[in-house]
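In structure tokens, one chain follows: the form predicted alone.
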Amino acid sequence: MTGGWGFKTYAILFIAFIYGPVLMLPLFSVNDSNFATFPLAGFTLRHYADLWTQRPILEALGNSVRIAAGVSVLATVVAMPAAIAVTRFRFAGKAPALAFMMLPLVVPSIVMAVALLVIVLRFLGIPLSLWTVAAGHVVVCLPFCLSVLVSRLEGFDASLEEASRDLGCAPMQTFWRLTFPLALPGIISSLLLGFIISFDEFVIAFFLTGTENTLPVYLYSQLRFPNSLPGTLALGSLILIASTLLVVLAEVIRRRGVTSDNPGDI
């Protein structure tokens, strides 16, 4: 019994340590003051109402949404054939190829950002813009999308595809009539996860952006202005809620139709 209570206490303290600072964001966003301090000056929702009158924030938000939407689609399109190759075929160099595609997961973001900046400016001679940010985000999102799709493709019986080919279906017919419908929850989950990662990414966007900012870069630039803090907190709270809902939705969709012996799975 003592061990059980000790574990529960540790779990509560761990969750509070990880998520406590994040939960301060919505708390201070309803504070009737320009400063995030205790005690709270009062309760107000005017910071949320003022967001829709701030054109720079809305423009940065639009940039991030457009980039995230395009990146999620492109990363998923690239990851889908790679996931099929990894889960359905045996070929020389399979493990090194998979490790190379997963490399952005372990390489520090600052190192990746500097490397991409050097490639874009020195070797390719491309001016920095939202297009270069999108290209960098594709590199970052690809391993996440690939992981989701590989997990989904490994979750259903591959003999169904063999049966389809035995019945005379061409490879593309098998893909569109069988593999794609069965993998659709994973594809949707990949799109949602890619969107979230691209939308929230800061370091690569900070290095590769030009005259137009994404939302994380814009919010960072506004932190030195006290009058901009309430709006930043309000928008950050909305993004926090939306990101949490999208992550939960992506995981629920990914697990749909996949059997599991783990009672803790959704």
Partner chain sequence: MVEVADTAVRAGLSGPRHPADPARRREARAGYGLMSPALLLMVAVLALPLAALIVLSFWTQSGFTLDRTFTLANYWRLIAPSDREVEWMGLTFRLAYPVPAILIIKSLVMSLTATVAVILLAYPMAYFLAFRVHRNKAAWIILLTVPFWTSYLLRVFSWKVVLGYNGAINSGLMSLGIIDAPLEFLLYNPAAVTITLAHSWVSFIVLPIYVSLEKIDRSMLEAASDLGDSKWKRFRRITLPLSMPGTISAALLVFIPTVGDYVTPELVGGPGGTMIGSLVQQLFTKQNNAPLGAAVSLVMMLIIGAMVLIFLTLIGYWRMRARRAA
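As the structure is a prediction and not an experimental result, all values here were calculated from the model. Take the two forms, superpose them, and find the largest set of C-alpha atoms that agree within 1.5 Å; that set is the rigid core. Numbering follows the first chain given and starts at 1.
Only in words, not in the display: the form predicted together with its partner chain, which the text now covers.
A135 is the sole member of L191, L153, L128, A135 with a non-hydrogen atom lying within 4.5 angstroms of its partner chain in the predicted complex.
Taking non-hydrogen atoms only, I196 approaches its partner chain to within 4.5 angstroms in the predicted complex. Interface membership of G70, defined by any non-hydrogen atom within 4.5 Å of its partner chain in the predicted complex, is ruled out. Its partner chain is not drawn, but in the predicted complex it has no heavy atom within 4.5 Å of L61. Not displayed here, its partner chain is kept clear of E212 by more than 4.5 Å at the level of heavy atoms in the predicted complex.
Judged against its partner chain in the predicted complex with a 4.5 angstroms heavy atom cut-off, the residues V118, L233 and I239 are in contact without exception. After superposition on the rigid core, displacement of the C-alpha of A11 between the shown form and the other one amounts to 2 Å or more.
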